[in-house]
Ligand code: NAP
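Single chain ahead, written as structure tokens, the form predicted alone.
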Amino acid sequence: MQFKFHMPVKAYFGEGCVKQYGSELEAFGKKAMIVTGGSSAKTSGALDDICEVLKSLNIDHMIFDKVENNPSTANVGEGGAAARRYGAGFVIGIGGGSPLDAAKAIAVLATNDIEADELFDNSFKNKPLTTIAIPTTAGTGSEVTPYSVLTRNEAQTKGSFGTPDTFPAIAFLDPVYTETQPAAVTVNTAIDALSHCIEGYLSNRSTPASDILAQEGIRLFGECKEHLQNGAISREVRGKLLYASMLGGMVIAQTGTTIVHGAGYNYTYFKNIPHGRANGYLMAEYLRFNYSHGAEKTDNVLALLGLADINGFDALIASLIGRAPGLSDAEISKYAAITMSQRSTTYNIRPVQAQDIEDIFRKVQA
């Protein structure tokens, strides 16, 4: 048995964890840049909490609240320039995957005089600023991964970068911050977390250690599935979903993602479909495609979810998000080619070709 497992993030989980453990931020400098979107940090209460902590520690801060949904390289480039002008000592990302991923990119650009497009080279002369991550959604797990996923308009898709230095130093996970999310966002992000666990479990880079985390994340989704269906999402359920999201992030930090993410990016880029929902459209056919190479693991996924077969999985996801939109033959061909350009396709447990991706897109349509 040989594998590696690297998880350098100090995670604090539970209600009030920012105020309880926020004093640790004092070690990172006297000027913080808070990176967030337009509203989630404020409406969740996370922004007020972290500002209160920073004030108590006499740490100055500025707020960069211009992060777009699915942030582009230009968007993080603007943030990096702002961090340099301000002289930030560390970066605090608050929000869903977009602000957390943007915070990592901005932390790199704050210390390296490079164009944002050069981030994907994964070679930085200077270490990035320390990043602190505070998620307000339960889906991406970005608070415990080194990855920053950015929109690359020149390639008409998303791309990611990440090195051991881009892991956040500390993650504060408070389920209370997820309570202001709309029901649709809660469902979409929960499916994103599920896709991380399943893809990591069925990755050719999976390890015995990552499999333990993946299975627990899948089991937790199974416990929450009826609550997601009927909208009865208590604080306890939100805690389970946030924990599952963190586990999913820990999984893909070791394994990466596979064809679900690579293909799903097309729905997001071209159809403006939220990331988790885009992944969900593809997951049943992904399981069917991979079954010949991962039957035992796939059967275990279904058992952990309390489902009899892949048809039951398909029905569950459809009950949550409906069916994928129809695509033309030209769109399918284009999306398959873009998917095959993603490194994540090489991590799939079953070798994949463009025709396979085309077949999956055809089968998932309503």
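Numbers follow the displayed sequence, beginning with 1. Every value quoted in this text rests on a predicted model; they were computed, and no experiment measured them.
Although it is not shown, the form predicted in complex with the ligand is what the next lines describe.
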N70: touches the ligand in the model of the complex, heavy atom cutoff 4.5 angstroms: yes
Partner proximity in the model of the complex: T131 to the ligand, non-hydrogen atom cutoff 4.5 Å: no
The ligand contact in the model of the complex: A209, any heavy atom under 4.5 Å: no
Residue contact check: P182 to the ligand in the model of the complex, 4.5 Å heavy atom: yes
Which of 164-172, 110-118, 132-140, 214-222 lines the interface with the ligand in the model of the complex (heavy atom within 4.5 Å): 132-140
G97, G200, G93, G280 - the one with a heavy atom within 4.5 Å of the ligand in the model of the complex: G97
Listed residue (I252, V76, A244, A263) with a non-hydrogen atom within 4.5 angstroms of the ligand in the model of the complex: I252
Any residue of 10-44 that, in the model of the complex, places a heavy atom within 4.5 Å of the ligand: G37, G38, S39, S40, T43, S44
